[in-house]
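Take a look at this single chain in structure tokens; it is the form predicted alone.
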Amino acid sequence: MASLTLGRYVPYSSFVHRLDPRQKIMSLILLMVAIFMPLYNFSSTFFVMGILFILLLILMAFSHVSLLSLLKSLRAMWFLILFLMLINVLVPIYGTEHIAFSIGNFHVYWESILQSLKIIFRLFMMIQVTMMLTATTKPLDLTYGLEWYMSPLKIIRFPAHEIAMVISIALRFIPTLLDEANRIMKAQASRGVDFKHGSIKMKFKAVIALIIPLFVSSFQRSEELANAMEARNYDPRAKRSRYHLLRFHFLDLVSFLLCAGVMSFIIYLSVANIDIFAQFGVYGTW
């Protein structure tokens, strides 16, 4: 659990860190749309997603977000990945023709394997983009950005500031709670609790020994945070001034146009049902 770095801010002075948080939130949305757009076939999908993945890796390098941290963050998702692969293998998609291998009378198709890989690849890039946002944006700046986008809803008395603050606090406390869970696991392991071995009943008891102290610690932290905000006379409905004002710069415009261009290009390929390889004279059924 300590290896999960999603939600953990990494202080650096890269150009990604200096981007406006409102622009980074919008870029996140644009890239999410680009990642999950369906393309003509598997070949086009993996080709386009591969190029987008390389671009995101370059952006991670500029952001000082290590690939090793991203891989460690995926450890907790292996069960979900295996479950998705199992579902796609047991329930093949319509029009499957190419058999990869057979187990008795049961056939495993290449289309099912590629469909699973496509889902995993998209899930990987989704976490990659989200991790770059949280690693390069301070929680307070993220709150300002979310509140700015929800500010038009204040006309209908929507609590934009409160919702933005709750989201920001939730993102901020993800790494804190993971560190706390890791500390509790070590404390319980020193008392003889085994989290890795034993029967299902023993593992269930071990999970209970972890969850109950974690819930108690979480409620204590939330109460301490509420008391600290009240002691500082925090009023979410009061008119508030800000020390750091958000301003768009030329670099924000360039990065927004690049993300919008990538999304528009992928949407065009999806809507027009264009086979990229066929455009270059490389034909295939996948």
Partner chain sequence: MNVLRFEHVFAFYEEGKDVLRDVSFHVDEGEFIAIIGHNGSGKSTLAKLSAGLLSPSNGKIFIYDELLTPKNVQLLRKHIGIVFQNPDNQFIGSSVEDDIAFGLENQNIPREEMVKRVKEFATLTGMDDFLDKEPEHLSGGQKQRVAIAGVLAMNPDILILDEATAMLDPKGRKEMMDIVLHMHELNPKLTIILITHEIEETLKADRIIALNDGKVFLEGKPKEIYAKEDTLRAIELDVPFFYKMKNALTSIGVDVSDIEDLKTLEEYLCQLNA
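Given the structure is predicted, the values throughout are model-derived calculations rather than measurements. Numbering follows the first chain given and starts at 1. For clarity, a rigid core is taken as the largest C-alpha set superposing within 1.5 Å between two forms.
Keep in mind that the form predicted together with its partner chain is not shown, yet the notes after this line are about it.
Heavy atoms of Tyr234 reach within 4.5 Å of its partner chain in the predicted bound form, making it an interface residue. Proximity of Tyr109 to its partner chain in the predicted bound form: non-hydrogen atoms within 4.5 Å are absent; the residue sits far from the partner. In the predicted bound form, at least one heavy atom of Met165 sits within 4.5 Å of a heavy atom of its partner chain. Remark: Gly145 does not count among the residues lining its partner chain in the predicted bound form, judged by a heavy atom distance of 4.5 Å or less. Between 39-47, 25-33, 52-60, 244-252, the stretch whose residues reach within 4.5 angstroms of its partner chain in the predicted bound form through a non-hydrogen atom is 244-252. In the predicted bound form, Arg172, Phe173, Pro175, Thr176 are the residues of 172-194 with at least one heavy atom within 4.5 Å of its partner chain, listed from first to last. A movement of the C-alpha atom of Met85 falling short of 2 angstroms is seen between this form and the one not shown when the two forms are aligned on their rigid core. Core-superposed comparison between this form and the one not shown: the C-alpha position of His64 differs by less than 2 Å. Relative to the superposed core, Met165 shifts its CA atom by 2 Å or more between this form and the one not shown.
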